[in-house]
Ligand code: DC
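What follows is a single chain, given as structure tokens, in the form predicted on its own.
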Amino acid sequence: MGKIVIAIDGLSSCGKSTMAKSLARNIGYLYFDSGAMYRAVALFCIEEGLVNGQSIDTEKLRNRMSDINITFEADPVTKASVTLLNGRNVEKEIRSLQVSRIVSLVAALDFVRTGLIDRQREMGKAKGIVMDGRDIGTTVFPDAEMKVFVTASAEVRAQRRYDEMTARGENADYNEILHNVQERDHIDQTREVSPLRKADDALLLDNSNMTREEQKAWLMEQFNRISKKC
């Protein structure tokens, strides 16, 4: 049984990263969070003063892309994958609502997507990886052996995001989060470059009413079925 590439796409706040991390850990694969890469670029824009309201200084960002180095490593304590921006652990910062407000705008920029897609493809050359995002099964790895598209209602996703933020002790407003979720859906699905869509050969998973354990069991079942054929 050879190693495969597993692509997990879907709407924002569907729990893609959580299930992808869990699956990778259970099967001994490497996990890469492509969404975290776009969030890291968004954080870079904020910290470098490239954001004005809901606008990104695209020319300055284009010229600074070579200054952005995004890598992943295992947390020494939790063993979970964390995101590094130019060598700094930014896992907490990239999950903020401030970053969430602009990440879809950053991800819609063609030069950002092209640059990060090239880096993502390099990560997957050896196979044995799980990667989640918006266009992994359609653009980054169209030949991935296992593709999953995750969806859930906007209200359920907003509540999950709210719960995550309050659990971290952050101030959160459900209505603001719901608006952000709906806005990101629209931007992700209508952008010109690699819009969010379900790949024709992707398995559909609506996890609106599923527990994490049920999702974990479903993913393992699909992995075992598909990997036996490879």
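Just count from 1 along the sequence shown to find any residue number. The model shown is predicted, which means the values in this text are computed figures rather than measured ones.
Omitted from view is the form predicted together with 2'-deoxycytidine-5'-monophosphate (DC), to which the following refers.
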Handout entry: 2'-deoxycytidine-5'-monophosphate (DC): the contacting residue among Val148, Ala158, Val112, Val103 in the predicted bound form [heavy atom, 4.5 Å]
Key = Val103
Handout entry: Per-stretch contact check against 2'-deoxycytidine-5'-monophosphate (DC) in the predicted bound form, the hit in 27 to 35, 163 to 171, 52 to 60, 201 to 209 (non-hydrogen atom, 4.5 angstroms)
Key = 27 to 35
Exercise for the section: Answer for Val130 alone: is it within 4.5 Å of 2'-deoxycytidine-5'-monophosphate (DC) in the predicted bound form, judged on heavy atom distances? Expected result: no
Exercise for the section: Examine Ala107 and determine whether its closest non-hydrogen atom to 2'-deoxycytidine-5'-monophosphate (DC) in the predicted bound form is within 4.5 angstroms. Expected result: yes
Exercise for the section: Determine the residues of 169 to 185 with a heavy atom within 4.5 Å of 2'-deoxycytidine-5'-monophosphate (DC) in the predicted bound form and present them in sequence order; the list may be empty. Expected result: Arg184
